[in-house]
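Below you will find one chain, with nothing else, as structure tokens; this is the form predicted on its own, and questions on how it binds or moves follow later.
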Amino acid sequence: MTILCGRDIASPMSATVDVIVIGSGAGGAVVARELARAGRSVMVLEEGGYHPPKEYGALTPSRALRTLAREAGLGLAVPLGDTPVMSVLAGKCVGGSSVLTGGVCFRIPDDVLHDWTTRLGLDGLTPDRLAPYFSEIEKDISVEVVPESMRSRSSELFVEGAASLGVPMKSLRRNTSGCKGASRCNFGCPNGAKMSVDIAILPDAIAHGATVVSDALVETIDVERGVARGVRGRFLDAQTGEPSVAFNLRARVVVVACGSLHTPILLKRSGLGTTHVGRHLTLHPAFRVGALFDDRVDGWDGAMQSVYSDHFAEDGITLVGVYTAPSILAAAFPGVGREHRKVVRSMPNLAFFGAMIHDDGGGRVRRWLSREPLVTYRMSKRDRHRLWRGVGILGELAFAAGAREVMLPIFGAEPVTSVQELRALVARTPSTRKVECMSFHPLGSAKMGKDERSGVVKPSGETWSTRNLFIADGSVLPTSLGVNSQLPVMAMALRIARGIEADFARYLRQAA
């Protein structure tokens, strides 16, 4: 796959194409491929660098975060009120966050789509109408069920504990081909087995004539007489990473796919910040518990994620098995010095399991002092209740599986050694600010609405405020999903891209 590296461009660039796509992640890659297949001239602009799978697959987890993630994986949402600090992981590389996901693939749950079509008035987003897009993407990125043979012992223990409590577990689906169970999907697959968009989608876009440019920071969208006309920005310097050589590109259609954190910032910087831009951010607050067993677990031996349970979906909680790189897990262990080393030495006997909340939102994205946004989040009372209920459920599963101790995601808390102690702690509901929380699925900051008063984009993905300007990333999804968002973002992007092509003659007239 040939990528034009912006850091190697020494002279200002200007060009005219049919379509400019800003962002090369799950949404942008799909749009670029579809419109290139249709014969349109397409240019994809990616702020991050290009790192081939063989390169990032050889990186250590910490080095991968510094190389592939925004803010070296240290991005966070600033808490407001009784809200935990949440890490927010987002990709900054060719392939975007798809390179750093666990590969888990869910369709949008039917009850979520029912909410969108009834309460929000988004009539076309029904399960039947979206099913063909999901099916096509699932085939494109090799979505398959994780076989039971790929389950780590960590996952098996939690499945056993759940079964004893009458909580059914199911096998996850992931976009993989030839997975070897390295248990480090979130840092770039070391075996090239995860079908992220840099492997499964962008090569096809390039084969059909699309140009992908890395290290290209888009600073503003040019709008004339209410129509998007192109973009301006600068290529990033190879040594400093700072904006350097300018580019000025014209297009008939501009598609923004910068993700829920940066799409609002680009819109505001371009003078396109309407009422809803940057608001309504949902994050799927996620957490995990550790469980210490007498026998060895070796939880890193198997798929990083292989099972889940939607048994508590009506309560807004999804249980998801997870066991990531031991070095990353160990960094969050309790204790200091000798006490911390003692816990680290117990790693072979530790199992982990996680959960995430189908949140009400409460997040906001604002321009800040640097290129990165200021993200704030206020957790609702209902979600705080869900969080503590989820912690209790995970702890009870661990004890039911035979755990000797359970490490809860509470900073400064000692491990609990019995169900009674667990229940008493959760019943006291300590300050939610003390919970170790993370997020991987920011959504909704440029949400879809039935009219200009209720959203940023039309159901077609075109912005209400500007013609020929589309958004095709997680920011358009109007609520949280309660499940991983990679597949929904891709299916929605495919739907938006097909709509653009079907009506391209009109966009040409508007751009004339």
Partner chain sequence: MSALPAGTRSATARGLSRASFPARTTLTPRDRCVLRAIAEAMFSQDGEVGAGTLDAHLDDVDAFVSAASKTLRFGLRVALYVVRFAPIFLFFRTRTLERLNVDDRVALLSRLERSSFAALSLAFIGWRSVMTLVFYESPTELKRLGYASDERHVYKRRLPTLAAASVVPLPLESGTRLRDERSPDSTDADAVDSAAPSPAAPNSNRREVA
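Numbering follows the first chain given and starts at 1. Note that the coordinates shown come from a computational prediction; the quantities given were computed from them, not determined experimentally.
Although not depicted, the form predicted together with the partner chain is the subject of the following passage.
Student: Examine Arg225 and determine whether its closest non-hydrogen atom to the partner chain in the model of the complex is within 4.5 angstroms.
Tutor: Because no heavy atom of Arg225 falls inside 4.5 Å of the partner chain in the model of the complex, the answer is no.
Student: How about Lys458 - does it come within 4.5 Å of the partner chain in the model of the complex, if we only consider non-hydrogen atoms?
Tutor: Lys458 lies outside the contact set for the partner chain.
Student: Tyr133: heavy atom within 4.5 Å of the partner chain in the model of the complex?
Tutor: Outside the cut-off, so no.
Student: Are any of the heavy atoms in Asp294 no more than 4.5 Å from a heavy atom of the partner chain in the model of the complex?
Tutor: Output for Asp294 is no: heavy atoms all beyond 4.5 Å of the partner chain.
Student: Residues in which of 281-289, 377-385, 103-111, 225-233 have heavy atoms within 4.5 Å of the partner chain in the model of the complex?
Tutor: In the other structure, the partner sits against 103-111.
Student: Just one of Ala163, Ala313, Ala207, Val78 has a heavy atom within 4.5 angstroms of the partner chain in the model of the complex, so which one?
Tutor: If I apply the 4.5 Å criterion carefully, the residue I get is Ala313.
Student: So which of Thr274, Thr220, Ser87, Ser327 reaches within 4.5 angstroms of the partner chain in the model of the complex, heavy atom to heavy atom?
Tutor: Among Thr274, Thr220, Ser87, Ser327, a heavy atom within 4.5 Å of the partner chain in the model of the complex occurs only for Ser327.
Student: Let me know which residues along 27-62 have a heavy atom within 4.5 Å of the partner chain in the model of the complex, or say none if there are none.
Tutor: If the 4.5 Å heavy-atom criterion is applied to the partner chain in the model of the complex, 27-62 yields Met43, Tyr50, His51, Pro52, Glu55, Thr60, Pro61, Ser62.
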